[in-house]
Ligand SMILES: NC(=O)c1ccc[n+]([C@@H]2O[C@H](COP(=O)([O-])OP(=O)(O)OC[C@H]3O[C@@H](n4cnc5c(N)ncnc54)[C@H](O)[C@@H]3O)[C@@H](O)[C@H]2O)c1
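What follows is one chain in structure tokens, specifically the form predicted alone.
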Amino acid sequence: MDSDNQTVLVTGGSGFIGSHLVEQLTARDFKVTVVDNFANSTTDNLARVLDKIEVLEMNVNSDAFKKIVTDRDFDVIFHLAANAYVPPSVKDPIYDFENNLVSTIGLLETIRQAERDPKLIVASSAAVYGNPVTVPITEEMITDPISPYGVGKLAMERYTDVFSRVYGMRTASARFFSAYGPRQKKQIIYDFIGKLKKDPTTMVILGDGTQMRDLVYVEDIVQALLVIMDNSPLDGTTYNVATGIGHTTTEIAQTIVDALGLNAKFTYTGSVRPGDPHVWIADIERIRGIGYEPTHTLTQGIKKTIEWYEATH
């Protein structure tokens, strides 16, 4: 996509994935506006590009946000503002509903009413699949979410698809699998690094060590979003964003131990958190078909994440 005079809105743009996306968009000379309520992030994530972008502090469910979308003719909108994790949705499903589904429907309807025609890419999640019957998981597989978070993300996708088919809007949804990397201050990689920094000899792992995840480094996620922007037909299509490779929690922990040069022993709780599936491995042929190819192995991504962790903690 030619970036000359192209304007991009990124909701949740100061967050973990959003800030990395904003950096790449500015590197391509897009004119970027970030909207964020800074409930779970700060402008520190945007420090490298803060002088090149516009940052607006507001909630995406607010009238002020709707006015921005109505008054400005953005060429592209990346909608990343949301509750990004399963546990808060289990604790407070109404919070998840309002911050994920309501905000997305509101954005779709605001675009429609304003008669704007941006490319709209919405962040979804592999949580829509629940516990898949078979792996690797294709986009056509039956969706059976097992958390309020997964239900909300699935509904977001369906509304995004329907607005494309009914109203001719240019949309796509990106189903992120297990994202990790610098600036993410929770989830498995961050938690494992933190545990080993506190106690380099032993580590407690949730479950029995056989739980499996398709871990995707944040730079690969950003690449996927840009590929969707550039090459997708934007007809409501949903794309798995992952690596197509599964790793057990024991393998993940051992990779971190090796990267830190430790010799830790593992113990297991035998139980996992409510809403967490056992195995996720993605089929990524659909997004490969429009030009995406992950470039980071688990070892490479973990090394970069450890470098960030050690530089900031």
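Numbering starts at 1 and runs along the sequence shown. All values derive from a computational prediction rather than experimental measurement.
One more form of this protein, predicted together with this ligand, exists but is not displayed; see below.
Asks: Determine which one of 243-251, 257-265, 32-40, 282-290 lies within 4.5 Å of this ligand in the model of the complex, judging by heavy atom distances; exactly one does.
Replies: Within 4.5 Å of the partner lies stretch 32-40.
Asks: With a 4.5 Å heavy atom cut-off, would you call T160 a contact of this ligand in the model of the complex?
Replies: No, T160 is distant from the partner.
Asks: Spell out, yes or no, whether the shortest heavy atom distance between I17 and this ligand in the model of the complex is within 4.5 Å.
Replies: Yes, I17 lies within 4.5 Å of this ligand in the model of the complex.
Asks: Is there a heavy atom of R213 lying 4.5 Å or less from a heavy atom of this ligand in the model of the complex?
Replies: Residue-level check for R213: no, no contact with this ligand.
Asks: Does the 4.5 Å heavy atom contact test between N59 and this ligand in the model of the complex come out positive?
Replies: Yes, N59 is a contact residue.
Asks: So this ligand isn't shown here. In the model of the complex, which residue out of A84, L226, I205, L101 has a non-hydrogen atom within 4.5 Å of it?
Replies: Looking at A84, L226, I205, L101 one by one, just A84 meets the 4.5 Å heavy-atom criterion.
Asks: Work out which of L120, A123, L107, V128 lies within 4.5 Å of this ligand in the model of the complex, going by heavy atoms.
Replies: By the 4.5 Å heavy-atom cutoff, the listed residue in contact is A123.
Asks: Please tell me whether the candidate spot formed by Q6, I53 and F78 is one where all three residues come within 4.5 Å of this ligand in the model of the complex (heavy atoms).
Replies: No, because Q6, I53 and F78 lack any heavy atom that approaches this ligand to within 4.5 Å in the model of the complex.
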